[in-house]
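Just one chain follows, in the form predicted on its own, and it is written as structure tokens.
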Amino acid sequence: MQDRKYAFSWDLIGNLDIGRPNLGPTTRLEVYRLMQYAFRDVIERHCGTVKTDTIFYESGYLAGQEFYRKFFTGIKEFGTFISAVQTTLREMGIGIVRVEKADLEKKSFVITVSEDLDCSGLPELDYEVCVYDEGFLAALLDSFTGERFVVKEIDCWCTGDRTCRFTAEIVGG
């Protein structure tokens, strides 16, 4: 598709030191959520819920791939990789990541994200909302291992839990 205007590039993030000399790189979380849930509303009206979830998963996946390339490329050891992910996501205010269970042989994981950027503090909705995070985590694992993972949220703030919990399984595993 050659007529695209917004194929992802870190250049689209811009130089925040030049662009926001007084306000800096942070903003209030409500502003981020306003943008995310406004996008979700409009996309869902145009495309339906299933397609919207697909778009959010794929967007999270793209973000995870790019995030991996920018921050974690070259890390070879799994523990070092997870430690770097935990530190980076915490420092950036994205969430507090923990690996609850890890079976390195079967490549099966249970990962939690507390104080999640997308949902912590939202009302209970009886369904999980962190589809973007599923894609993001899948891309991080795929990029690190070179294998394909399926990530599924099994607990969410919006289902009454106080941490988001994800299973990550290798495809065909």
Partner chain sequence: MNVLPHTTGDGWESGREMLAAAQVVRYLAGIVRDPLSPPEFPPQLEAVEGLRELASSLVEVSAFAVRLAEGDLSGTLPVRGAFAGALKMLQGNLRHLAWQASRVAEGDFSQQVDFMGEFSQTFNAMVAKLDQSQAALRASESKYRQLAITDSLTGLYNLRYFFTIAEKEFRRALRHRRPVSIIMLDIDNFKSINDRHGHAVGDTVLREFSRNLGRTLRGADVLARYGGEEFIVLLPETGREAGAAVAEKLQKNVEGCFIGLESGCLNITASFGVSSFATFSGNRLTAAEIMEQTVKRADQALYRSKNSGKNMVTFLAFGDASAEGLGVGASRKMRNSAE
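Positions refer to the first chain, counted from 1. The structure displayed is predicted, hence computed values, not measured ones.
This next part talks about the form predicted together with its partner chain, which is not shown.
Though its partner chain is absent from this view, in the predicted bound form it lies within 4.5 Å of a heavy atom of just one residue from E147, E30, D126, D41, which is D126. When contacts are judged by a 4.5 Å heavy atom cut-off, T88 does not count as touching its partner chain in the predicted bound form.
Contact between M92 and its partner chain in the predicted bound form is not found at the 4.5 Å heavy atom cutoff. Taking the partner from elsewhere, L62 is found to have every heavy atom lying beyond 4.5 Å of its partner chain in the predicted bound form.
In the predicted bound form, its partner chain stays beyond 4.5 Å of every heavy atom belonging to F72.
Site residues F78, D155 and R162 are all in contact with its partner chain in the predicted bound form, judged by any heavy atom within 4.5 Å. Residues placing heavy atoms within 4.5 Å of its partner chain in the predicted bound form fall in a single listed stretch, namely 102-110, out of 30-38, 48-56, 62-70, 102-110.
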